[in-house]
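Below you'll find only one chain, the form predicted on its own, shown as structure tokens.
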């Protein structure tokens, strides 16, 4: 299938008083039309920084793409001018964020913000944009959309604000929707509603989705493929079913074991000891070695290669070296 977007060996540096620090290293992934790709990992893994680089929204002077490329339909986004990227944002790639209160302007009514979003990416009149805004709010499951157009963000619940953000993101029918922790601040019932809404819009419009989250339950429910990130690297990726059925990397295994289960024998949850290191403290070998229950001597000083299991499932771990007889399940 034709690749919609490709991220090729992407590395991102942050400025620091003692010199640049690499926070994302050698990220490579692909997104196909209509596909849902999950990017998972603990806070500090580099998930959101990667998505900001796709949108060309890394803070100027503080962060930059040091190596690699990001291609949309084969065209490099990194070679585009700011004016070209402004046309890409919204029209071809749209984003919804974890907390819509920080993305919605608190001093403008909902209707004005949606109308401006529509008119920024089209030549529609104010009246046409108003009508389309009402239709969009209806499509995202908001009842009485005419009334919601006249209220301010603080007058809406978190779930309603997130629906408004999705309506704004879908206004120009983008090819890719980046959803950065879209359900984290919502209760379980509202989370399910938002995920159902995203699936519905994807089915109707054929939009590809990049879902950034730390919630493996959400990933299992909605994603076709999964990339597991740790300390600025992708340590495992594959189709969702095979990755959940047969995880390869000890970090992925740890994440799955830390998920609560609501059937079978009750057991104490298994936590992963330690925490994600600061980018200035990344190890020269495997970055997960200090927390890994399966670590070997080679893990301390030698960075593992990315091992391909010939079915699209890849894992960055020394357990799968040809000269290692250790297996992991």
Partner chain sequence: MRYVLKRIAMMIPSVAGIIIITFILTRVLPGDPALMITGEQALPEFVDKVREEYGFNEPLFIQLWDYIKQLFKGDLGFAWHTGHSVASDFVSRFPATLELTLASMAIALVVAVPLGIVAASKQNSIVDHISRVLSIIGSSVPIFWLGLLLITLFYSKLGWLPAPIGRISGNVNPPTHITGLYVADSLLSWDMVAFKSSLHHLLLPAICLSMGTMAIVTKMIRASMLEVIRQDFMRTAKAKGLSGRAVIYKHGLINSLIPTLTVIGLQFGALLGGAVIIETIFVWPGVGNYVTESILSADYAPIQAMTLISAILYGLLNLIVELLYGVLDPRVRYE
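Quick caveat: nothing in here was measured; it's all calculated off a predicted structure. Numbering follows the first chain given and starts at 1.
In what follows, reference is made to the form predicted together with the partner chain, a form of this protein that is not presented.
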query: Non-hydrogen atom contact residue 86 with the partner chain in the predicted bound form at 4.5 angstroms; finding: yes
query: Contact of residue 121 with the partner chain in the predicted bound form (heavy atom, 4.5 Å); finding: yes
query: Contact test in the predicted bound form: residue 116 vs the partner chain, heavy atoms, 4.5 Å; finding: yes
query: The partner chain contact in the predicted bound form: residue 154, any heavy atom under 4.5 Å; finding: yes
query: In the predicted bound form, segment of 204-212, 69-77, 124-132, 90-98 with a heavy atom within 4.5 Å of the partner chain; finding: 90-98
query: Candidate from 29, 52, 283, 298 lying within 4.5 Å of the partner chain in the predicted bound form - any heavy atom; finding: 52
query: Contacting member of 104, 177, 136, 148, with respect to the partner chain in the predicted bound form [4.5 Å, heavy atom]; finding: 104
query: Within 4.5 Å of the partner chain in the predicted bound form: residues from 51-83 (heavy atom criterion); finding: 52, 55, 57, 60, 82
